[in-house]
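Encoded as structure tokens, the following chain is the form predicted alone, with no partner shown.
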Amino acid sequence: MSKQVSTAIISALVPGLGQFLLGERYRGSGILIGFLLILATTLWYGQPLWYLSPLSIWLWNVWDAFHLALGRRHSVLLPLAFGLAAAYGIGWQVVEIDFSRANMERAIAILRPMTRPDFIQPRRELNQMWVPVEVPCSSQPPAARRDEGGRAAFVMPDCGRVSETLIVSVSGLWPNTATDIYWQTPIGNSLMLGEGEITMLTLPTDENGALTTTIRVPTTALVAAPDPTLPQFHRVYFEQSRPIGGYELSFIGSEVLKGALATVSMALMATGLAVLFAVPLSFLAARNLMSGNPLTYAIYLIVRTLLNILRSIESLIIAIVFVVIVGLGPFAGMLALALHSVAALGKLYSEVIEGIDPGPIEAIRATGANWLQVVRYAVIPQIIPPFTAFTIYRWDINVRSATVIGLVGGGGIGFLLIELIRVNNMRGVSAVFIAIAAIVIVLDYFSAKLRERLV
């Protein structure tokens, strides 16, 4: 009986130590680490109720050590349940979950327009005119005037700063017709000019088809520009429409399709560019190929470390950096996806190489072949199918990531989504949601079929 009591006392002093001394090293280490984590969490949160969890684990630990000394082994599900209960309970309070704060009226106001996604509209004839304007001003700004097909538009002054008031005028449009006036940035992003910059500015032309009004340069016209002090050409658009029967893609619908195409293209270009760099790096990051001498092993450690560092940085963060470097648009998003994909694919490819059959490698080396010959004749034939499968899988992942990268200015459909949310266009948001779901479902289906054929 003395052995059981002494083991229990030791575990009472240091949780898990009794189990460790009895030869149950993993069990004892797990008990100690789990107890310390739960104890630290409860002490940090300071809620007395949850002190019961580490106390219960400690008591169970003493009881388990006593019975383990008798040769009776018990399940660890009970202390695990104590720990999870405390973690979940503290997490519930830290997140401040409170369903009473839900506002059903606000939810209905948001969800009701989403039941009518803005994809199509009655067919209409467009009458459009635009004029360039420089923002901010250069030392010698060109005249902000444009003439086309009997229509003329100008802006006074010829340039401006963000939030500065401009006078815009157009003539030669349809008379007595509502005209939408909006701003377009150099990357093609349309911005509202109405109240609060969240509504469309719509004014009627006079009997001669002319109108003159004042606008303010949108506050978001230069957001995330590489250099906000660098003059760039923006556009002020005047747009009229009238129904001609039938249906067509709406403006939002066409923008959704453009965004979807940009998103898929970003993912495709990023994956292709990543493969070009990841394939050679993967051979340098494969331990079984690079452990032949100290020099190659050092190269292996350096490459492997770089891949791990790049892989640990989320592509969304990388996209923010590239937006600052190259400006808003799909190019920044593609570069971010490509850089992250190089690290991810390099890691996957190297693990494939490390898992290949070593027999052919040893046989080729026995003939006196050099490193390149070993790779050519013993490695490449074994890795082509899994490399192809991983590449297709990564493209599938990049399509999903591309929709999120757009939220930070990386272009694609995500950029359109954040703009629609900003202007509270929930019908457009619904259209984007449907498009994203369709893209993911279709590409997931085809990529799964391709991977099946490669297995």
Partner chain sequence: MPLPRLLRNTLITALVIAAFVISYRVTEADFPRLLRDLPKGRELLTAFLTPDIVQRDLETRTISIAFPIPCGSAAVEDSPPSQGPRLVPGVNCAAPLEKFTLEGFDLQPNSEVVIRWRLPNERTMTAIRTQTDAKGYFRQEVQARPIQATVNGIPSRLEVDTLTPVGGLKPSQALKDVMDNMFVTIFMALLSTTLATLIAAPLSFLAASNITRKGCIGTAVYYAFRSFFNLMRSYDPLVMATVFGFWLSFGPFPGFLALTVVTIASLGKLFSEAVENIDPGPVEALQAVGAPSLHTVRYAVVPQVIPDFVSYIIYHWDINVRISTIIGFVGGGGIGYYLNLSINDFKWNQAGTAIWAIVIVVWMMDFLSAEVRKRLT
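This is a predicted model, so every value here is computed, not measured. Residue numbers count along the first chain shown, from 1.
The discussion below concerns the form predicted in complex with the partner chain, not included here.
Inset, instruction - May I ask whether 269, 309 and 437 all come within 4.5 angstroms of the partner chain in the predicted complex, judged by heavy atoms? - result: Yes, all three are in contact.
Inset, instruction - Determine whether any heavy atom of residue 103 comes within 4.5 Å of a heavy atom of the partner chain in the predicted complex, and answer yes or no. - result: Yes.
Legend entry - Contact flag, residue 377 vs the partner chain in the predicted complex, heavy atom cut 4.5 Å: Because no heavy atom of residue 377 falls inside 4.5 Å of the partner chain in the predicted complex, the answer is no.
Legend entry - 4.5 Å heavy atom contact, residue 45 to the partner chain in the predicted complex: Yes - in the predicted complex, heavy atoms of residue 45 and the partner chain come within 4.5 Å of each other.
Inset, instruction - Answer yes if any heavy atom of residue 96 is within 4.5 Å of a heavy atom of the partner chain in the predicted complex; otherwise answer no. - result: Looking in the predicted complex, residue contacts with the partner chain include residue 96, since a heavy atom lies within 4.5 Å.
Inset, instruction - Among 416 to 424, 27 to 35, 49 to 57, 65 to 73, mark the stretch whose residues have heavy atoms within 4.5 Å of the partner chain in the predicted complex. - result: Heavy atoms within 4.5 Å of the partner chain in the predicted complex occur in 416 to 424.
Legend entry - Selected contact from 117, 79, 160, 330, since only one has a non-hydrogen atom within 4.5 angstroms of the partner chain in the predicted complex: The residue from 117, 79, 160, 330 that makes the contact is 330.
Inset, instruction - Please pick, from 156, 298, 326, 230, the one residue with any non-hydrogen atom lying within 4.5 angstroms of the partner chain in the predicted complex. - result: Looking at the other structure, the residue within range turns out to be 326.
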